[in-house]
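So this first bit is one chain, no partners, the form predicted alone, shown in structure tokens.
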Amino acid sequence: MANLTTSYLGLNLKSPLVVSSSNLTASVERIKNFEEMGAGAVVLKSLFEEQIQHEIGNLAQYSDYTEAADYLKHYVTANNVNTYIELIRKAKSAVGIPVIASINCMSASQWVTFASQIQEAGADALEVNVFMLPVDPHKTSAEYESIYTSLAEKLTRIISIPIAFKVGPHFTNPFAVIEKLWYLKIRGVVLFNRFFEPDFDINTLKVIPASIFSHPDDIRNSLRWVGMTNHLVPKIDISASTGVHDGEAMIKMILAGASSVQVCSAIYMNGAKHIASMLSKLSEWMDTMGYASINDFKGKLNYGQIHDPALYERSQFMKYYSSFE
């Protein structure tokens, strides 16, 4: 029988399937169910800097006093952080699988001081979800990227638990950024984050949120970058995210070089039992292919292993479209 155990961020996982950060992982009862279904780890719902700042702003508008505004800022921040710390403690006492905390940052500010409280609460690792939309035409890509490296430097000075950065695909050179993070002692990257996307309602002429769920086809972008990163920055652990909806997608990501895969939308759509279904597919495939462990095939189809690496680099469809009338 196939051995599904693997290692991610130096943590021992009983399977490569990680339930990613969402409202699904804000409930200890759900987390216990995910463990029963075979999940190797969970990433707790993020502590959002943006949400905290929004709450502070909403309350502060009702006060004309600086002292009151300072008190509200402290109260809202402490209340959110304390609630999150309690979630970590309860989850750690309820399950045996690794519990990864998550913070969603907009800046490299004093926000990182909360990381020490997260470590003290018993989190096995920290996933840092950071993205700044580059809306300033006078700011260079290097200036935006420096926010990531500055945050990494501060966090690794404060805490000793392993850290992963969950990033988006919009860097000019993702490999350069990921390599810098590795040298700054960041042990993993999650490729990729799924950000808020706008849509238009053509009847009300309003901007509305697009679908929050990923689609199975979304795996294509992640698959390319996972496969290339695993070869070009081989020491950093990769957790593949976005578009992983079934066991076949999980197999593909591991073949590309992922140490783990993160699943969210598929669990929302199919329930916790889908975790067991995906792992069953993985186990059956490994038995059929003669692979005894995850390491037997991890990265087997990455950028450096395949005969024609140009297949990863191709950006145009001309060759393929030319055969269609």
Ligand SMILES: Cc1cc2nc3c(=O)[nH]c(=O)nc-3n(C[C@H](O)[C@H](O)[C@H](O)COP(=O)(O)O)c2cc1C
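As the structure is a prediction and not an experimental result, all values here were calculated from the model. Sequential numbering from 1, following the sequence displayed.
Beyond what is shown, the protein has a form predicted in complex with this ligand; the following relates to that form.
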Quiz item: Check T6, A256 and K298: does every one of them have a heavy atom within 4.5 Å of this ligand in the model of the complex?
Solution: no
Self-check item: this ligand contact at G247 in the model of the complex, heavy atom, 4.5 Å
Solution: no
Quiz item: Do S214 and this ligand come within 4.5 Å of each other in the model of the complex, heavy atoms counted?
Solution: yes
Quiz item: Applying a 4.5 Å heavy atom distance criterion, does C264 contact this ligand in the model of the complex?
Solution: yes
Quiz item: Is P174 a contact residue for this ligand in the model of the complex, using a 4.5 Å heavy atom cut-off?
Solution: no
Quiz item: Counting only heavy atoms and a 4.5 Å cutoff, which of 155-163, 201-209, 238-246, 181-189 contacts this ligand in the model of the complex?
Solution: 238-246
Quiz item: Which one, R224, K252, R194, H231, lies within 4.5 Å of this ligand in the model of the complex by heavy atoms?
Solution: R194
Exercise. Pull the contact list for 128-149: residues with a heavy atom within 4.5 Å of this ligand in the model of the complex, in sequence order.
Key: N129
